[in-house]
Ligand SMILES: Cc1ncc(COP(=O)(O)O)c(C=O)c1O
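Shown here is one chain on its own, the form predicted alone, set out as structure tokens.
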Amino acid sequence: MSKQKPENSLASEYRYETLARQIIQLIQQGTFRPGERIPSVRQMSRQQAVSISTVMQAYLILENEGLIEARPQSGYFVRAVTDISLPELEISAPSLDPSHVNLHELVMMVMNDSANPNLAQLGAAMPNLELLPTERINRIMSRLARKAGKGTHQYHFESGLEELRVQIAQRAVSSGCQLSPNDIVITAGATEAVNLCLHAVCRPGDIVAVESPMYFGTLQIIEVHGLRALEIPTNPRDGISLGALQFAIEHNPIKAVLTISNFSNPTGSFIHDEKKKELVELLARHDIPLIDNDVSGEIFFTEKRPMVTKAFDQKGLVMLCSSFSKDISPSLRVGWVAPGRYKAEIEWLKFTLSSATATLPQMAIAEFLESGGYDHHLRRLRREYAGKVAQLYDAVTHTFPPGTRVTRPSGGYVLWVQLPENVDSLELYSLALQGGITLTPGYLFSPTNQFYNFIRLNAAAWSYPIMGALEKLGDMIVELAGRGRA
């Protein structure tokens, strides 16, 4: 049976075609912006007084034209449509020799600027406080403090609060990991977890292989311990080069390997599951521990949570670290590590160096996880960050000059941007500060200064008022690029 056109159609359109055209106009006018959710099928059906099938047909047209995208269990979102397609970054090419790290002065300068409320914060990879479950956690902590009384002030030595370790072990199943509560040690954030792991397996002067670029906080830990970092070529799309790592192992006495296998900071790279398995097997053959920081593993934009390297660990060599700082609260300082064969050493180091992690924050997070509130919160957080990453990417493509390259992460909330070769990120940093903007210069992510013309941008705080700051930043980059050509 053929479809009937409406009697009062202005342009002989079907009703779903008219609806699709109206939504396109709203997108073009900025009513629905890139990364934002449009009304659900049922909401649009009620608003426009049309059938659900009419809305579905309209949305199908918009999907086919690349204007919107469906996200499982989240709804329909405006895609970051741009007429400019910036190339992605190429694999890094670091030095073949290990090097000492000496970045602390620059790191502290950048971190101090990130605390300035008068600056447009595009630098430090801090979560968006407006998207965190702060009120819910505060209510839980207040009630627990009254109910538990003195119990909230007692130490939980060694492994930490059992209730929290139970919840972490249960959640690990979704990442392909079979853990018991006794496999886990609670730490003061993922930073302490990584610190304890390096302390357990390395001594001053030892060589640690790291992804290149690597998060500067991890490089700082290497510097504090007097270790040498050996940078391994890393693809900004799928992570560390296993061939290059194999070569490095054959030519250097590597004591540990450090990765962020799910949504690396700063590149957003993601090591697919089969490659994770190959990585773990490679290190197992040489009996080298892998310290893997999964701090952003829950902030994924794909259909399912990626697996962790620990899922493929047969020898207890993988030391899996994570925390709740990026998705619940950075100030509670609650993290954890599943250290495999090194658990006894980690427990001793934890007790010796910091005694215990604060009890009340552990109790509050354990209850939040057990209540199911965490999963509901994560669905919203992933949706919001996916939109903000898309919006920031779209803004960069329109405001930065030719010669720019940028990553397209499928999780986390940072973008790694390569600027034209003659733009120095430290000079840009200084210029941006004068204009009221912070960013993170690429120098911080390598002990050998190989990323001098790179910057990391934080999408978590993205908002349209910040668009003005990004446009100013684009003008500064154009100015610096022009100086170099002259």
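Throughout, we count residues from 1 along the sequence that is shown. Please read these numbers as outputs of a predicted model, since none were measured by experiment.
FYI, the form predicted together with the named molecule isn't displayed, but the following is about it.
- Within 4.5 Å of any heavy atom of the named molecule in the predicted bound form lies no heavy atom of G239.
- Mapping the unseen interface onto this chain, A256 falls outside it, with no heavy atom inside 4.5 Å of the named molecule in the predicted bound form.
- Residue contact check for S175: none of its heavy atoms lie within 4.5 Å of the named molecule in the predicted bound form.
- Contact between I260 and the named molecule in the predicted bound form is found at the 4.5 Å heavy atom cutoff.
- Using a 4.5 angstroms heavy atom cutoff to the named molecule in the predicted bound form, none of R71, R79 and T302 count as contacting.
- The partner is not drawn, yet in the predicted bound form one stretch among 283-291, 402-410, 190-198, 354-362 has residues with heavy atoms inside 4.5 Å of the named molecule: 190-198.
- Contact with the named molecule in the predicted bound form, defined as a heavy atom within 4.5 Å, holds for exactly one of K310, K326, R165, K350, namely K326.
- Residue in contact with the named molecule in the predicted bound form (any heavy atom within 4.5 Å), chosen from R383, K343, H377, R333: R333.
- For the stretch 209-235, the set of residues having any non-hydrogen atom within 4.5 angstroms of the named molecule in the predicted bound form comprises only Y215.
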